[in-house]
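Take a look at this one chain, the form predicted alone, written out in structure tokens.
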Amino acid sequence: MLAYLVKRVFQAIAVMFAISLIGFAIQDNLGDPLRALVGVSVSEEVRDQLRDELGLNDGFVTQYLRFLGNALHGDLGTSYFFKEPALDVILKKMPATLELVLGATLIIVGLSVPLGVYTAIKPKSILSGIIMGLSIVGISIPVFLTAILMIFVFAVNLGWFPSYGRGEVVHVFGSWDTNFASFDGLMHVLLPSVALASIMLPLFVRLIRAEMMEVLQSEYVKFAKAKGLRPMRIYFVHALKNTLLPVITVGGVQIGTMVAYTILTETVFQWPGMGFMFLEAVNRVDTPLIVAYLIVVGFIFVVTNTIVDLIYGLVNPTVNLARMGA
């Protein structure tokens, strides 16, 4: 297990190196950062002087090595717009995004398991047909359209929920302010969380259903039924446990994907998180902030996938044995 963990760490370092290289390489195609900094009325002499001061006239290799050396010390550059370290700006926006992802994850887990199990147990029932039909609709509709529709129905027409912002938040520690400690905060986070969950919820319902239907045909489930075990114990203990491995595999990747999908959700709901900050950085050609965002999101993907691989061993110990044998 230790050897596998060391191997995964080295793989994570290699992936992060590739992400940093790609992220840094695309910044030249994002536009001229000096336009956002000084406008168009500044003379060429001043522009050249600023380019020298910012190191923009250096070669690509020189700029990247300088960036990589600074990144190893936790310095991902200074935001042109905020005039402060890009990593600090992202860390201030991160709690809002992580709470949005947490809210969506709770909705996905809370609904996908019972719905997936029910549609597998009673695949021919009317309710199962409705659930599977809605799942197709959910997969087909883009998240921004779902978000706009929810705002129109529940915020504008019915007036049940606020349509934008985080509302009242409660300070926890550092730069972390939470929505989950006040009623107003919960009301603000609910709609964007549901909109974000609408991307993955149909996928998980269909995945759990497919895996569950396959497991229900296995011999050990038939043996459990023959022993007279309660149906709920068979479904939720014996059968569901053996459907979790592929669900965890997909879930680990999709949770990281939701961090990226928050760009659209946060834009529609004006949610002050990393995704909304990223779009503003693109509009301002704030290249240090853009590159820092890509690296941080890539790091979240790498960490999430590593944790998922380690959880495999808790769900199915034979996975560790196979890896150690390899």
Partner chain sequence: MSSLSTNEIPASRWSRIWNSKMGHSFRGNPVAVVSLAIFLVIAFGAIFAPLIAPFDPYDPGQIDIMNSEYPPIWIEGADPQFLFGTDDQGRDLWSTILYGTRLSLMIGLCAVALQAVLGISIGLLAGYIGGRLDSLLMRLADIQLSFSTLMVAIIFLAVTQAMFGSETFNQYAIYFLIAVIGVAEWPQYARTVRATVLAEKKKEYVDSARVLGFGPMRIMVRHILPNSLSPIFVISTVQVANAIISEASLSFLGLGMPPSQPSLGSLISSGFDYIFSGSWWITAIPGVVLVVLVLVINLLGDWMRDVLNPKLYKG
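Residue numbers count along the first chain shown, from 1. Because the structure is predicted, anything quoted here is derived from the model rather than measured.
From this point on, the text means the form predicted together with the partner chain, which you will not see here.
Of the residues given (176, 236, 180, 144), 144 alone sits with a heavy atom within 4.5 Å of the partner chain in the predicted bound form. Site annotation in the predicted bound form: the residue of 136, 170, 98, 186 reaching within 4.5 Å of the partner chain with a heavy atom is 136.
The partner chain in the predicted bound form is not approached by residue 93, whose heavy atoms all lie more than 4.5 angstroms from it.
Taking the partner from elsewhere, residue 271 is found to have every heavy atom lying beyond 4.5 Å of the partner chain in the predicted bound form. Although the partner is absent here, residue 214 sits close enough that one of its heavy atoms falls within 4.5 Å of the partner chain in the predicted bound form. The partner chain in the predicted bound form is approached by residue 151, whose closest heavy atom lies within 4.5 angstroms of it. Although the partner chain is omitted here, in the predicted bound form none of 113, 201 and 243 has a heavy atom within 4.5 Å of it.
The stretch from 113-121, 100-108, 203-211, 79-87 that comes within 4.5 Å of the partner chain in the predicted bound form, counting heavy atoms only, is 203-211. Counting a residue when any of its non-hydrogen atoms is within 4.5 Å of the partner chain in the predicted bound form, the hits in 279-299 run 279, 282, 285, 290, 293, 294, 297, 298.
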